[in-house]
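Presented below, as structure tokens, is a lone chain in the form predicted on its own.
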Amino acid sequence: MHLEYSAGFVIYKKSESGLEFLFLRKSNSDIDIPKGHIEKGENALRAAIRETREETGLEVKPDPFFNMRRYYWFRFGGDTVKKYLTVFLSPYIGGEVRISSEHKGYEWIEPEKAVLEYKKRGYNYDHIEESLRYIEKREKLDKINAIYAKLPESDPNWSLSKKLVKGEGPSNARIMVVGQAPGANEDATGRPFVGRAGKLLDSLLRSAGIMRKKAYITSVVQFFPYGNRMPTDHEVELCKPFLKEQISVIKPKLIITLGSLSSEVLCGVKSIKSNHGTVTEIGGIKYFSTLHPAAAVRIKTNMPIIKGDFEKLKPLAKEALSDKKEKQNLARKK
């Protein structure tokens, strides 16, 4: 058995008929995304960018939170080959499509129609479906956030910052991390968990086998409470429906609740000091409650507690990130 490694891009655009993906038409009339072998000294992203440029003449703008790896088998020259393919996602950013000599044309095809072509030839098409789901979820989150950002205008007694610090991460994340509210650094940068507590969170996530870019990170209240005060009950009630909507779109398998406010709002854990490191399951989602990293930054005796909690989190994170549906896909060489 031989192993092969390749990478490519799903490139998409909006047209009058809806969402369309770019496919290259091969000499045998098969369609495929721009992709090719990962050369020595390349990582998957660099290979995907190079192959896309060589096969289409296009530049890409990779989505920072989307990449998926799949594999399939095929027979070649009497041998079995297992091919790993890493797929990235990019909007079409303009330019003329100039195909390479190994292709006979290109087409912009609606994802659903492309799936039918893949099915007809017995090829795996999960990268097409997953790209479509990701884009649709991201667009839903964008709509929620656009309404959320206008919330300060509807409350005459608003005393939080008026700058929304929206969640960050993949729209199809299997793990969400929910804190209390943004701090001053987050308010300044517009990104969640970027201060000292954020650096500690990054380290804790790594210790549990979670890459930050694979998790969707946000807060119960997504506007900075000046002075780093606790959000009021009124502010929490105003913001909570938006968080609930975000969760309903993302549909994570695991939510890590950081601190007392997040734990109480999302899974009813009232005393984080006596219930840290515990798991609550609601509606098919597992909630893991732990201290807020800021509490460990401020009070050093909390550091071994939160580190111990994230050690307990490891098997839950592994389970959430595993793809039990992944199968060895048998396909002809494309």
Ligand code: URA
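Numbers follow the displayed sequence, beginning with 1. Model, not experiment: these values are computed from the prediction.
From this point on, the text means the form predicted together with the ligand, which you will not see here.
Partner proximity in the model of the complex, defined as non-hydrogen atoms within 4.5 angstroms of the ligand, places exactly one of 177 to 185, 82 to 90, 101 to 109, 139 to 147 at the interface: 177 to 185. Put simply, H276 is far from the ligand in the model of the complex: not one heavy atom of it is within 4.5 Å. Although the partner is absent here, H292 is a contact residue: one of its heavy atoms lies within 4.5 angstroms of the ligand in the model of the complex.
Interface residue remark: F242 is not counted as part of the site for the ligand in the model of the complex, having no heavy atom within 4.5 Å. In the model of the complex, no heavy atom of Y216 sits within 4.5 Å of the ligand.
Along 102 to 134, no residue reaches a heavy atom to within 4.5 Å of the ligand in the model of the complex.
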